[in-house]
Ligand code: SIN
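For reference, the chain that follows is the form predicted alone, supplied as structure tokens.
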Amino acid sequence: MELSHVTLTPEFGSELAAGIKLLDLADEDLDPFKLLCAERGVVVARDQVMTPEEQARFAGRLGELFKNPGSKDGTPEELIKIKANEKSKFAAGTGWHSDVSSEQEPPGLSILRMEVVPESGGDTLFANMTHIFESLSPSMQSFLKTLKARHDPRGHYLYLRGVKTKEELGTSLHPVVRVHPLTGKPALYVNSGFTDRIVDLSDRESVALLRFLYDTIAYAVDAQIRISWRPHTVVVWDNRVVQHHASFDYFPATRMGYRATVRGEPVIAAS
């Protein structure tokens, strides 16, 4: 199947052409699809009618899935139910982050499908970490490549749901700059959701550098895209090269969908 798509910006983000159904992808289409996700960071697919079970099976064809045991509403354990409504004081995914980066083998792809969306609002923003890294001075790039950061599971879905403690989940050390195994491109890999500190620096130095990097991510509008949801929209993003931020601007309306998360590989440091 030809994966025809239109670009959302010249640098990253693509939307698949109408009529392409993810459930119809053949085995030989999966590697080109994963490469498209790696190269474009975010791939949007509209009008993807599927059940949660079908979503879990499709995601499982892309790699090993993170599990979410203990679901009480029949949601497959390969999926996380994402829901906010008139009773919600906050919504999942607010704040710039890369999904559960505290894992030793953090996520590669995330696959989010929305079933219920508000009339307006509820967009998801994405930021291109390759662009962010390349926007820094050569001296700063070289310095960041020498550093590692500790990622803490404080925002881990299993911790937030009370399934495991932070001690059970553990922390991980990852390079501050990673390279994608398919493209070889470098990307910044610290995020406000999970990164605790840069271990090679003093506390004050770590706080100051992380604040600078987080501000760079938040204010770099030329490195961001904004995805508006419709029912049965699927967005697949590559956590190795993008961060995302869910906008909780639709209270008291309901927004509900399901996310599958594909395990990646140990983080590869940029040299």
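Note that the coordinates shown come from a computational prediction; the quantities given were computed from them, not determined experimentally. Throughout, we count residues from 1 along the sequence that is shown.
The discussion below concerns the form predicted in complex with ligand SIN, not included here.
Screening 49-57, 239-247, 205-213, 28-36 for residues having heavy atoms within 4.5 Å of ligand SIN in the predicted complex returns a single hit, 239-247. Using a 4.5 angstroms threshold between heavy atoms, residue 180 stays clear of ligand SIN in the predicted complex. In the predicted complex, ligand SIN lies within 4.5 Å of some heavy atom of residue 124.
Looking at residue 97, you'd find a heavy atom of it within 4.5 angstroms of ligand SIN in the predicted complex. Residue contact with ligand SIN in the predicted complex: residue 82 places a heavy atom within 4.5 Å of it.
Proximity to ligand SIN in the predicted complex, defined as a heavy atom within 4.5 Å, holds among 92, 136, 147, 116 only for 92.
For the three residues 112, 255 and 259, a heavy atom within 4.5 Å of ligand SIN turns up in the predicted complex in every case.
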